[in-house]
Structures are given as C-alpha cells and as structure tokens.
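Only one chain is included here, represented as structure tokens and corresponding to the form predicted on its own.
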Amino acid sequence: MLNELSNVAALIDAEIENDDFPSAVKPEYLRLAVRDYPCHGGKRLRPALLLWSCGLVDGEIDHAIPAAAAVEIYHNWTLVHDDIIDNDSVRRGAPTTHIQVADYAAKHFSAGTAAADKFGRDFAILAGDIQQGWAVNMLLKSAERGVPAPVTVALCRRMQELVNRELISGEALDVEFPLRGWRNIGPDEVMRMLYLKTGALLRFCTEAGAAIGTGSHDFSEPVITSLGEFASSAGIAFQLRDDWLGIFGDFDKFGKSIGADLASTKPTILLLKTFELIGESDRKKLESLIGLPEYTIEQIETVRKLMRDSGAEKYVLDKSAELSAKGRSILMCFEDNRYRQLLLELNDYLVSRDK
C-alpha cells in the first residue's frame, strides 16, 4: 500500500506543481507561500482516498486526478490557518508559513519582532485564502478531464456545503474548547468536533471519487453514502491516532511539537478520559502540567505515565481500532478488486501510523 501511496503522491505532486493558478500571485514571497505546503510533502492520504474510491466503483482514475489534487490543496489551506491559530512553528519538520514569512519580513524589511510576526500571520492568512480559491479552481478542471459538467458543479457545491461549512465549524469548536475549559466539555462533543474537523473532508474524498467513478451527482445513492460512512469512521480514527501521537509520538517522525495539545489546554479524548479515570492526587499533578509554555522530556514522560496507567491510552487506541473495524466492514461489502485492498490497507494504516 505504501508503494501505491507513493505513486499517488508522485501523481498529485506533478499535477499541483504544473498547475498555473498560483503563477499570477504577487508579490513573489506570497506566491512562494501559496505553493509551499501543497508542493512540499504531506502523506497525500486524501487524494489516495479519492482516487481509490473512484477505482473501487470501476471509474476512470485519470478523470479523478484534478479532484484529487484539489482536496490536497484544500487540506493544505486549512493547515496554514490552523498553524496560525495554534501558534505552531513547525510543520512537516520545517517552519510554518507564518514563521517563514515573518523571517522574510525581518530580513528584507528590517521589521522588528512584533511587526514581523504580525506580517507573517497576515500574509499566511492571505496565502490560505488563495489556496482555497486554488482548490476550487482545480476541482472545476475536472470538467476538462472527462467528468460530466453536472457532476463537476455538484462536487464544487458539495465541497462548500459539506467540507467548508462543516470543517470550519469543527475548527471553531476546537478553538472554543480551551476557553470553556476541559471540565465543561464532554467526550461526545469532542467526537463531534473530530468528525467536523477531520472526517468531513475525508468523507468528501470518498464521495467525490465514487461520484466521478459512477458519473452520478446524487450523493444519496447507497454506493456513495456507504463510502462516505467508511471515510467518516476512518477520519475520527485518524484524529484519535493524531491526538495520541501528540503525546506519545516521536518528534523526529511526527514532525511537530510533542505536547502542543497540553500547552494549548486542548481537551482531547485522551486528556478527558485520563481525568475521568485517575485519582485526586494524580488529577492535581496532571492539572499542573496543562498550559505550560514548553515541556521537558521528564514532564512529557510524567503525562504519558498518567495516561497509560489510568487506562486512558488504551481506551483511545481501542476506540480508534473499533472505528477502523467499522470502516473495514463497510469496505467488505464492495466487490473485491485492487482498490478495495488498497483502501483496506489504508484503513489499517490510519490507526497504526507513527507520523
């Protein structure tokens, strides 16, 4: 599966790299910021979901390439904005967009620290805005690659209704939760947020692939809805794994700061379940380790031990595995072909990945 994922990555890399949409963006450093995340790295899981869903229903993979590139570009604008909101300085082992632009301002405009930081955030917001437009433009090019115009239009509308509205709503909840405080948030609310923030886009990927493959723009058709349900389960499982990696991952592999969720007082299922299961003395110890500006290895190890010994880590990993099993059962209802096998392997990978 990983070899096939690499093939998808190469295909999407070329599609994005050769697209002329960003070429007219000015100034140059904004154009470079627009191209940065989409053109450099990423696992390309979302394009793979779309292409393989198209293949699963015997569709023409070539017809789905623009849509697959579009979801990758779309995903990346959300990362640019997320990094600003979360104040993250590292993405995929490199400086985040707002940090890169701030560094540019400091070097080329002799801007002071505060001015450079604001400039970096402002231009990163603009870069993300342009990337969203780029994604829609790329999706519209599906009509030039054999996708019927009604399907192309329906996909664009679906992207705005299902993805834009729901994904940003999920991000809004994610931003709101720390202010409300972990004591005032229940696991069901967090699960809903996870679906909106992550599952909505993954659902669109499988639905879009199935729609292109079948030539249908009726998203209530059983084939399309079944694949959407598969992706929804996979999306939440993916996010639970991501939250686990945020505490238990290896920085060199994970590519962003371990402990960032603790620093931002993010109420993950892992954190909420730990508080539910530990005693009073351990609760006070864990509370003292939330919201710190930075973490030592020893502090992270203390948090890990509390989460592991309480059973919270096992709960999250088991829940992720349960959702993965649900996704697998949905896929098994489709006829066996190479794309079903790839989707099954991808489903398994989402709950076992280490980065």
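Throughout, we count residues from 1 along the sequence that is shown. Bear in mind that the values here come from a model prediction, so they are computed numbers and not experimental data.
A second form of this protein, the form predicted together with a further copy of the same chain, is not displayed here; the remarks below concern that form.
- Partner proximity in the predicted complex, defined as non-hydrogen atoms within 4.5 angstroms of a further copy of the same chain, places exactly one of 278 to 286, 260 to 268, 145 to 153, 203 to 211 at the interface: 145 to 153.
- Put simply, of 79, 247, 223, 111 only one has a heavy atom within 4.5 Å of a further copy of the same chain in the predicted complex, and it is 111.
- Out of the listed residues 140, 185, 191, 99, 140 is the one that sits within 4.5 Å of a further copy of the same chain in the predicted complex by at least one heavy atom.
- Using a 4.5 angstroms limit between non-hydrogen atoms, residue 303 is distant from a further copy of the same chain in the predicted complex.
- a further copy of the same chain in the predicted complex comes within 4.5 Å of no heavy atom belonging to residue 317.
- Interface residue remark: residue 90 is not counted as part of the site for a further copy of the same chain in the predicted complex, having no heavy atom within 4.5 Å.
- Residue 332 falls outside the set of residues with a heavy atom inside 4.5 Å of a further copy of the same chain in the predicted complex.
- In the predicted complex, the residues of 159 to 175 lying within 4.5 Å of a further copy of the same chain by at least one heavy atom are, in order, 160, 161, 164, 165, 168, 169, 171, 172, 173, 175.
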